[in-house]
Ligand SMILES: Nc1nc2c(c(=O)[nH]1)N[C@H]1C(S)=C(S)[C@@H](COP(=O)(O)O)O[C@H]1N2
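Next up: a single chain in structure tokens, the form predicted on its own.
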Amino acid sequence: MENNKKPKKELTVDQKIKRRNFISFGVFAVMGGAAYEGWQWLYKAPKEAVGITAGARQPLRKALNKTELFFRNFFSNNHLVKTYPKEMAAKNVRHNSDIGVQGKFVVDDWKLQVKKHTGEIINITIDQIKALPKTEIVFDFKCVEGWDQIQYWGGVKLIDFIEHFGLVEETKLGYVGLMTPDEKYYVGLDMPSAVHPQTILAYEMNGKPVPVNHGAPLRLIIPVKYGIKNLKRIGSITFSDTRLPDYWAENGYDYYSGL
């Protein structure tokens, strides 16, 4: 029986290239359209109810909260950030924000106010803090703006501070809040991150007292978080079993801000 089927005509190289380009541009157009529609959907979505967090669209905040839960499941004290030799630390430490440290401030008048969940308040001087065992850390400080810098800080581990001043019972709660003396800048931390072995109350930068514009006399250095959580000039520390206020979380940012 005679086969009347005509052999398939082979495409030329030029035709193959044109066909592939057509398919590629088609896929790009479809994906671009989908991305635009997704962005429009997110942009038009209602904003979250104002509370401890605010400023974000509801779907985005839900995604941030789910991401936090995911990462908290894997967090442990064995998760240490990479450290570096002191000679690699920046000599000119980047100064990024003055929120909470503006205006006149007398370092000698400073005292740290610690508020227990029972309502008891403890006032602690910088000399009392400096009398505790000193810890130094050289790590890559990371900012949500995209920059990073190797920095050298010295102070006391927050967990050592907690143990020395009889605050261990407070660590059974879920959160720690820190605020500047003028109450204009504040951060909320999950307890596991706060008591992480690399979290310190820093009173030295590059082996010298912390400068005023970097948070003298005492600031928070928490390497497992982005820079927005590293509060300058700590005025008070509060413990709670519910999330405490956070400046940037109220402005649409992630409350957890972990690395």
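Predicted, not measured: the structure shown is a model, and the values here were computed from it. Residue positions are given as counts along the sequence shown, with the first one as 1.
One more form of this protein should be noted, the form predicted in complex with the named molecule, which is absent from this view; the next part is about it.
Visitor: Though the named molecule is not shown, can you say which of Glu136, Asp98, Asp148, Glu163 has a heavy atom within 4.5 Å of it in the predicted complex?
Guide: By the 4.5 Å criterion, the partner-contacting residue is Asp98.
Visitor: Could you tell me which one of Cys143, Ile122, Ala90, Leu173 places a heavy atom within 4.5 Å of the named molecule in the predicted complex?
Guide: Exactly one residue meets the criterion: Cys143.
Visitor: Within 4.5 Å of the named molecule in the predicted complex: all of Thr180, Arg219 and Asn230, by heavy atom?
Guide: So, yes: the whole triplet contacts the named molecule.
Visitor: Just one stretch in 112 to 120, 128 to 136, 90 to 98, 164 to 172 has heavy atoms within 4.5 Å of the named molecule in the predicted complex, so which one is it?
Guide: Looking at the partner contacts, the answer comes out as 90 to 98.
Visitor: Taking the shortest heavy atom distance, is Tyr185 within 4.5 Å of the named molecule in the predicted complex?
Guide: Residue-level check for Tyr185: yes, a contact with the named molecule.
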